[in-house]
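Only one chain is shown below, in structure tokens, and it's the form predicted alone.
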Amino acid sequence: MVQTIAALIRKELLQIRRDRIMLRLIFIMPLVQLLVLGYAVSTDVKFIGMAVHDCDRSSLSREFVRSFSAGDYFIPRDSGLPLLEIERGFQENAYDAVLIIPPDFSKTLAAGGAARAGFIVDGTNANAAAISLGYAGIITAQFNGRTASREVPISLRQKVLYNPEGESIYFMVPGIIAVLLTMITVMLTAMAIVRERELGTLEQLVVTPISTPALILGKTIPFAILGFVEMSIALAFGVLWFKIPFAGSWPLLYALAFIFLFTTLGVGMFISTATRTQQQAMFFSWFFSIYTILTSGFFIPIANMPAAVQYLTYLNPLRYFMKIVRSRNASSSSCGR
């Protein structure tokens, strides 16, 4: 049986090596996807176009506006539109936020009062709007700390663990690696038996003295090997190109990936036996991949999903592997250290 499985594995690998289109799909496309998604898929909100209506025109108001230009978060500029036509600027996509400073801004602050300023954001993208409001709140609080004459009773020291720069690439690239591993193994395995059926060689395999377990192992082991190769290339690319530090155990990650491959290879084999053409197999594998990606927490946290969908995510194997590749080792510290 071992010789039979080895012969089937050799046959599958030779068939893949002779298929140039398949080789491009296996090795080139994942790297292109990793590059494109690694740079394009980002949760960072930066370079927010902000129109400024400074009705005070004082040095203090100009300092307040300059505080928004610190960093790459806001790009303050004069919109050129009257104050009453702010909505037209949003409709024309001239800016994403508007800062309105009233005429008595500096006088109120000089008298020790609480000056008010207006900040309006475009809520079309709810996530970007919420983050923009958070940025504006932090900048305003820092400006108050620099200009307020009274002492602040509580001093809050902030610290960000694991990703102090706030770069989303450290969160997205490991997730992309898990997604690529899922898509590659499901699609390749889904086309394994279907290709034999379309070429007319499935009947030859049926009449040969090959047991069912040997046939299944011979069809899935090559794609498991390719899955590990793809994962290794993607991990090396993430560490060397994106400069993402690897925290954890390499053997443990590969061991858990081996367990995860049982699910993707099993789903691919099920699709392969339930379909009749490679087009059908590609469609079903694409449908499964979209379901797993959307319900794995790759884009949207599972806690933010409706309760019914959260229960549905427990059936998604990518949910657990996504948490594995994004986890990190950290030593806990107690109070007073």
Partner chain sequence: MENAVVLDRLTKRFGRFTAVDEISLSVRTGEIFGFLGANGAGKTTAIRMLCGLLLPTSGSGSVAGFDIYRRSEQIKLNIGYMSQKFSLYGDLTGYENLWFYGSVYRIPAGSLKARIGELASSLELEEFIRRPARSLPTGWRQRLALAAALLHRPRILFLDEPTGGVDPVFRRRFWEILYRLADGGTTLFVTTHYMDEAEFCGRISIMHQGRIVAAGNPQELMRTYGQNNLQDTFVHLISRGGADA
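Numbering follows the first chain given and starts at 1. None of the values given here were measured: they were computed from a predicted structure.
A second form of this protein, the form predicted together with its partner chain, is not displayed here; the remarks below concern that form.
Comment: its partner chain is not present in this chain, but in the model of the complex one of P209, G113, P82, G71 has a heavy atom within 4.5 Å of it, namely P209. Shown alone, this chain has one stretch from 192-200, 173-181, 246-254, 96-104 that lies within 4.5 Å of its partner chain in the model of the complex by heavy atoms: 192-200. Not one of R66, A141 and N144 is positioned with any heavy atom within 4.5 Å of its partner chain in the model of the complex. Put simply, R24 is far from its partner chain in the model of the complex: not one heavy atom of it is within 4.5 Å. Q204 belongs to the set of residues with a heavy atom inside 4.5 Å of its partner chain in the model of the complex.
When contacts are judged by a 4.5 Å heavy atom cut-off, R20 does not count as touching its partner chain in the model of the complex. Taking the partner from elsewhere, K11 is found to have a heavy atom lying within 4.5 Å of its partner chain in the model of the complex.
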